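First, one chain by itself in structure tokens, the form predicted on its own.
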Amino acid sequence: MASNSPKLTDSVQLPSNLDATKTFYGIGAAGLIASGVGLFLNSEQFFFSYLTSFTFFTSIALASMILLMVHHITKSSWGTVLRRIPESFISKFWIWALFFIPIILGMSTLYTWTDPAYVAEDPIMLGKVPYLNEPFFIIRQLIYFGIWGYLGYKLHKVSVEMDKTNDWGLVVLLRKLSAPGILLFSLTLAFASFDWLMSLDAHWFSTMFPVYLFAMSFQAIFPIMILITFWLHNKGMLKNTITQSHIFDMGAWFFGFTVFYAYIAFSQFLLQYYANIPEETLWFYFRLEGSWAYITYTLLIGRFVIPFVLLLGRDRKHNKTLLKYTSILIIVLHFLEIHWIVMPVLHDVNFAFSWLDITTLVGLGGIFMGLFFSTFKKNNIVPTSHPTLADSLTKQYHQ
């Protein structure tokens, strides 16, 4: 145990009976095998379902990355005891990148701009050819995942190295990684959102779309951290380390980014509604017609109104039962919203849910969580030598 954290009384090693790595890998393999069968039965549905599930889990990892870098650059202490959770989500991003390969293989199914005949007959698409072409698309993905993989690996590696060496000088290195990392993250997330999601309907454009994807992803990372914390507490882990004060802070961030998400989502809609340009409004038109309209209003009520009302009071932000069920709601709706972004391209009239949406979600989710536990189990589940740990441990919630 590090000398600078005398009040750290909990065990900081994940017991072997809580290691779910093999279980998740097994679930993931089964899901991917079932999805592979679906590839041959309905390849079009497979690629759209796969893109939805891949984006869902990648958004969680990316939100973890920016959360960590903001912590480092601001020298904050409140989340030090929680930091190993987002670190474990991003440490093996370079492996997770391999699961983007099916999307590259399915480009001709997913993206109409890959069809030369379609592009040749469309003046708008001809103007986008310098950016929307297959070789440049693949090059950009290599750049995105190269940057994310490096940042994820280094941010975790340096943090773990600090545990082993007690070298507080590594805090400076983490800040030096995070400062340019935030800029690179912002650029790569913006262009990845254009590439993966916005170019599904290549006529549509929104300069707010990257911020919209960031807001919805950042809202979702706090429910995930809350649920992992409650799972650890239920297993008798970190009860004296992650306290009511830290739970309150996660609830406050959760509430804050619920409001921010609603502000960005509504602003994107309002600007395009007010401008009334056909190329822009059609994207929303398809999502406000038929049964897609029910999903739209479900997202409005479920992702903003319900969590806003439930978490508005100060005491509610550390009510474990309330936080647990609200967190589950937001995670489910986060997946549904990505589905709502992707699927109207395939099912433009009415909402449709395929069994491949489930198998790809289970398959990629098993691999994603397997990668998480394979990292989480190997090191201290709290950064025991970080200089802000003592402040984090002594943080108190004031009524």
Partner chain sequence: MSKTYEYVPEPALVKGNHDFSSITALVTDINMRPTPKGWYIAFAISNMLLLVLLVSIAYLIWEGTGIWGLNQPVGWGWAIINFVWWVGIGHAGTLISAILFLFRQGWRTAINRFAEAMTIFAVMCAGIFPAIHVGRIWVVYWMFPLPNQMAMWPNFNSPLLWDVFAVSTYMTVSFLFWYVGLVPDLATVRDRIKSKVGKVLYGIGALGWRGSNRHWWNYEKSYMILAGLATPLVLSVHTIVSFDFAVSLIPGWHTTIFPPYFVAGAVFSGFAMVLTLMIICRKIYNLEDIMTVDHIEKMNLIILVTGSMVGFAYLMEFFIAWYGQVEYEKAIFIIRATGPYAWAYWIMIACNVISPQLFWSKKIRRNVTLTFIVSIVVNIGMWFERFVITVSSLSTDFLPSSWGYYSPTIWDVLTYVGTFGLFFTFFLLFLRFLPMIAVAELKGVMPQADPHNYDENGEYVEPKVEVPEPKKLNS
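Numbering follows the first chain given and starts at 1. For clarity, every value in this text was computed on a predicted model and none was experimentally measured.
In what follows, reference is made to the form predicted together with its partner chain, a form of this protein that is not presented.
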Considering its partner chain in the predicted complex, which of 320, 235, 176, 239 comes within 4.5 Å of it through any heavy atom?
-> 176
Which one of 298, 291, 108, 165 is close to its partner chain in the predicted complex, taking close to mean a heavy atom within 4.5 Å?
-> 165
Which among 125 to 133, 227 to 235, 89 to 97, 323 to 331 is in contact with its partner chain in the predicted complex, heavy atoms within 4.5 angstroms?
-> 125 to 133
With the partner left out of view, is residue 208 within 4.5 angstroms of its partner chain in the predicted complex by any non-hydrogen atom?
-> yes
Is residue 263 one of the residues lying within 4.5 Å of its partner chain in the predicted complex, judged by heavy atom distances?
-> yes
Exercise: residue 137 in contact with its partner chain in the predicted complex, heavy atom 4.5 Å | no
Applying a 4.5 Å heavy atom distance criterion, does residue 286 contact its partner chain in the predicted complex?
-> no
Taking its partner chain as it sits in the predicted complex, which residues of 167 to 198 have a non-hydrogen atom within 4.5 Å of it? Please list them.
-> 167, 168, 169, 170, 171, 172, 173, 176, 179, 180, 183, 186, 187, 190, 191, 194, 198
